[in-house]
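Coming up, as structure tokens: structure 1 and structure 2, two forms of one and the same protein chain.
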Structure 1
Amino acid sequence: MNESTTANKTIPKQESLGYWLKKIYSNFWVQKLARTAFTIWFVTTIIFLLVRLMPSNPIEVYINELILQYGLTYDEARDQAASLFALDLHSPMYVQYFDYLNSLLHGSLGTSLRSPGTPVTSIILKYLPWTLFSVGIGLLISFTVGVAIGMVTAYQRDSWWEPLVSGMASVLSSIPSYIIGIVLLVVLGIYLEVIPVNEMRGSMTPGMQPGFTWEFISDIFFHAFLPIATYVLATSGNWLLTMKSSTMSTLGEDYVTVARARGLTEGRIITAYVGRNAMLPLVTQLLISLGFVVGGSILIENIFVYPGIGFRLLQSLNTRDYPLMQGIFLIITVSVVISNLLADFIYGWLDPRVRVAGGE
């Protein structure tokens, strides 16, 4: 980034293609978009290489399975495998790679091996919304709660309960989320029997009609309660601690002192001066934690038998349903990468400094 700015200063403005390309690339939004596209391409390539070049190549494994189970010849088995994986196994590797990329661009992820004929995309569309719903609501609640309590503890840092709250927050944020989930399930659900865990399984009560009705909305919240509670408990401690230290350092800034000197009300100082600036570093953390939480959903959703994408991913791993596994992993990554992009844009909008300096 520094190179481009110095180049602009020393070299007289020239309207060559290279100059414009550099200028376009140094634009904040273009840069972020290009990085997102590159990341998605990178991940798809990794998946392709993993699935095709691994020593125990899943396609060969599947071909052998077909030969043993149905007594097919190698060619027949290979053709069947090829149609399932949406690959032409006769052509050289690089052609297969471009075919794979091409079919991805057209929105095709192949068909599931274990439920033949079902496209991977339709399976994903069925399970992904539940993960997005539970993780999204969970992070929203934990972010709000963490930021609010974090600010209060920063203001009340001399009180007797501050070490208690911070201590709890540090314990909760250190323990792996699935441990918190298991404890919730075993202690509240099985031992104390205060939560009807068996009724809470699944994403909704069978026979429930989706729609904007109170019954439906309360039902999906009822079923998602334990995953959401786990995400909230596991992540809010971190927000709290970061917000606390960030608020404390913001309180020492000159503009806060000036605002006080100007006689602004404390409420206005808290919201417009301290809170807004103290929250900036948390927005970037939100992006990193999003990937982590979605990744952890494999564990959480399996603990509570909640049919999200993580739950389906484990099923596909256990049944060696490679096209499905490949598709789900890709979708998880793409959703994380795109939410990172969104958060980057939000950050660029909140803090104009990063747009100019190029993010460093």
Structure 2
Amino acid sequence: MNESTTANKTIPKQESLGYWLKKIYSNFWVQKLARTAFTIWFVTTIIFLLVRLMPSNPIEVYINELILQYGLTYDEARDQAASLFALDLHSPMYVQYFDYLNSLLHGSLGTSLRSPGTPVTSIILKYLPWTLFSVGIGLLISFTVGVAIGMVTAYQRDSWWEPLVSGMASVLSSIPSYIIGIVLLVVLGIYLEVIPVNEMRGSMTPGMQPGFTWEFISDIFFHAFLPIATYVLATSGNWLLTMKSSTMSTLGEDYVTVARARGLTEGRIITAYVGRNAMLPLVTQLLISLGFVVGGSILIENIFVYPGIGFRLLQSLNTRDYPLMQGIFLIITVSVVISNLLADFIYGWLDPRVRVAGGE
């Protein structure tokens, strides 16, 4: 009897542990956090492998540069490169991988190969703010303009100009952003010569002292004008069409009809009923778009020679600077994943049915 009783008592404890583990993981928020952590680890691993599968390596690229620029022999260039790079490419891949993960766990992204002694973190902190500034301002302007015009076109969908606006928005949203940037550069800077393209290169005028002054603020907007204009033109059409579709769908809802039957003013209906509900899908889309702010500027910044994180990423790709490439790609991955997680959290908070469907 004692053995049977002991066995019977053991089974509920085991089942209870499995039950609680399953219950914890079935929670909507826990699932999202676990998937986010797994996604970051998985993408980080893929980036590590892809970077090393690229043709050539940083040592070979540097050797070729020394031979072409200074006319050194291969042996002389190899000796100079070996003394510069603290990188052992001959160690097994799994050893390099675990060393990289160990550095990440200790909060280090490593040291740039082409800038010896310079931490990758400091390079990212130097270039990232300019990308956040230019792409962020462009995204906010395009979102505001697109939402406002989209709502107006939904209300004026029977007007003569609505097809023109919608058609132009469709065309702009289908053109790649770098094509728009090249057109702006060629038309405004070369043919019409209405903007001084050479003076607009860089993030600010040499010798300009940063500070909350009108001279500094106007100067950084002057240098970021073309990238911001490109982002606005490339994304505002999509916001316009999405807001127009969402508003038209909301206008057909029963609660809008009831609000009009109650005699509410059109302004009250727009702000309290139509606008608020039509904006819900766009808020989620905006949060997701914020994650692409970091990585959505590679070609644009290089077209306009704007020193943001995308400009620095292309340089690291050309020189095969492994630590810097991995660091920038990691920042892009984390920003995209975290923005999606934030969008899930906010949407789950706004709509409890999402949390229930997610397993809570």
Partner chain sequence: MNMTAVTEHTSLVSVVVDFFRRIGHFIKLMSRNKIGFLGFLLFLSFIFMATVGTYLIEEPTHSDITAIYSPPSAEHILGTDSQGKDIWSQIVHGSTDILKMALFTGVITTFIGVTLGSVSALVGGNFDAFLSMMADIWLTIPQFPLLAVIATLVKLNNILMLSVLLSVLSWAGLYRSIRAQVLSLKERDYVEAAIALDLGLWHTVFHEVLPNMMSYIVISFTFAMRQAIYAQVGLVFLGLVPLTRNWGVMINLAWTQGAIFFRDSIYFIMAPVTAIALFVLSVVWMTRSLEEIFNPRLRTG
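As the structure is a computational prediction, the values presented were derived from the model and not from experiment. Under this definition, the rigid core comprises the largest set of C-alpha atoms superposing within 1.5 Å between the forms. Numbering runs along the sequence of structure 1, starting at 1.
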Exercise for review: Would you indicate whether the form predicted alone is structure 1 or structure 2?
Suggested key: 2
Practice item. Compare the position of the CA of L66 between the two structures after a rigid core fit and state whether the shift reaches 2 Å. Key: yes
Check your understanding: Relative to the superposed rigid core, does the CA atom of L105 travel 2 Å or more between the two structures?
Key -> yes
Point to revise | Post core alignment: A77 C-alpha displaced by 2 Å or more between the two structures | key: yes
